[in-house]
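What follows is one chain in structure tokens, specifically the form predicted alone.
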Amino acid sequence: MPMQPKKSLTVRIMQDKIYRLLQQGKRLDGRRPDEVRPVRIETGLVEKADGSALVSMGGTKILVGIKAEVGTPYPDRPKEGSFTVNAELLPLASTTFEPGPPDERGIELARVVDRSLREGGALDLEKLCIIPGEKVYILFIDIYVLDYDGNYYDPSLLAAVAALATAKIPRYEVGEDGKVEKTEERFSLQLTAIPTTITIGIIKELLLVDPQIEEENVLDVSLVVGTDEKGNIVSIQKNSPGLIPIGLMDRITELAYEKTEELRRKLIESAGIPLP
């Protein structure tokens, strides 16, 4: 069995403080262990993007922009469009973020959002096909962490879904000569599911959701769990090397269902997203 990573004295002191608070049903910022920070969702802020959303969850702020282009489908999926997710942790957001190409944290963030959208079935990719085997819409979903106070996973997915749901994509049509031409029209993407995630931290046998940065730094382990509106678990990411105590998964799953549904309702109300 792998050993737990050894913690410094400073980390152990802070972890003990947070653990004692959790035993009393409290946290450093006054929240309950199962309470998510205040969420604010704004859409349509970036004029040059085809869709955009800014999501604040406590002190963490995420901007997502959507851009659509026309390209060639994958050979094994000739009737499907595609999307790609990129994430950038801007140095202005945290002293721990460095300039340059995305590091492993940015890559992991992009993968969590991609997996939640893809496995959650958020888009019907066949509706993004223009000419089977030749031309399809390709969506670029770019995530920017503008301010970081812990947990960028959940607000990043909220922003991605909000941006997709409110995007206006340029319409391309096949002309009389068989060529694909851009028109003056735009169309909306019809979401086929609304996936959301919740990050759950574990200290010993106690759970907390949506950790802020001081909590995040001392967790034994954390999980990012995604669900859809039908109650399916669509993604799970264990994003730290610690061990999950035996017997906690039932509690984690129950908490994940409750909190992802809470965030989904907030998303639907704030962005005006109709249920699929």
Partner chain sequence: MEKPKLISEDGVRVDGRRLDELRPIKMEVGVLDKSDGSAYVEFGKTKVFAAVFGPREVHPKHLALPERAILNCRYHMTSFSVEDRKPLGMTRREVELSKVIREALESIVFLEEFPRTSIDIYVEVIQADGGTRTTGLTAASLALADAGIPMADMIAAVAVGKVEGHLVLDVCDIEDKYGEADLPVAMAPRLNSIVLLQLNGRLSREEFQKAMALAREGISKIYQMQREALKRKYSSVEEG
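Here the structure is a predicted model, which is why all the values come from computation and not from measurement. Residue numbers count along the first chain shown, from 1.
Another form exists, predicted in complex with its partner chain; not displayed. Remarks below refer to it.
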Note: exactly one of 207, 219, 46, 39 sits with a heavy atom within 4.5 Å of its partner chain in the model of the complex, namely 46
Contact label in the model of the complex: residue 165 to its partner chain, heavy atom within 4.5 Å: no
Does any heavy atom of residue 253 come within 4.5 Å of a heavy atom of its partner chain in the model of the complex? yes
May I ask you to check whether residue 33 falls inside a 4.5 Å heavy atom distance of its partner chain in the model of the complex? no
Does its partner chain come within 4.5 Å of any heavy atom of residue 26 in the model of the complex? no
Does its partner chain come within 4.5 Å of a heavy atom in each of 80, 267 and 274 in the model of the complex? no
Partner-facing stretch of 154-162, 124-132, 195-203, 84-92, counted where any non-hydrogen atom is within 4.5 angstroms of its partner chain in the model of the complex: 84-92
Taking its partner chain in the model of the complex, which residues along 193-218 bring a heavy atom to within 4.5 Å of it? 213
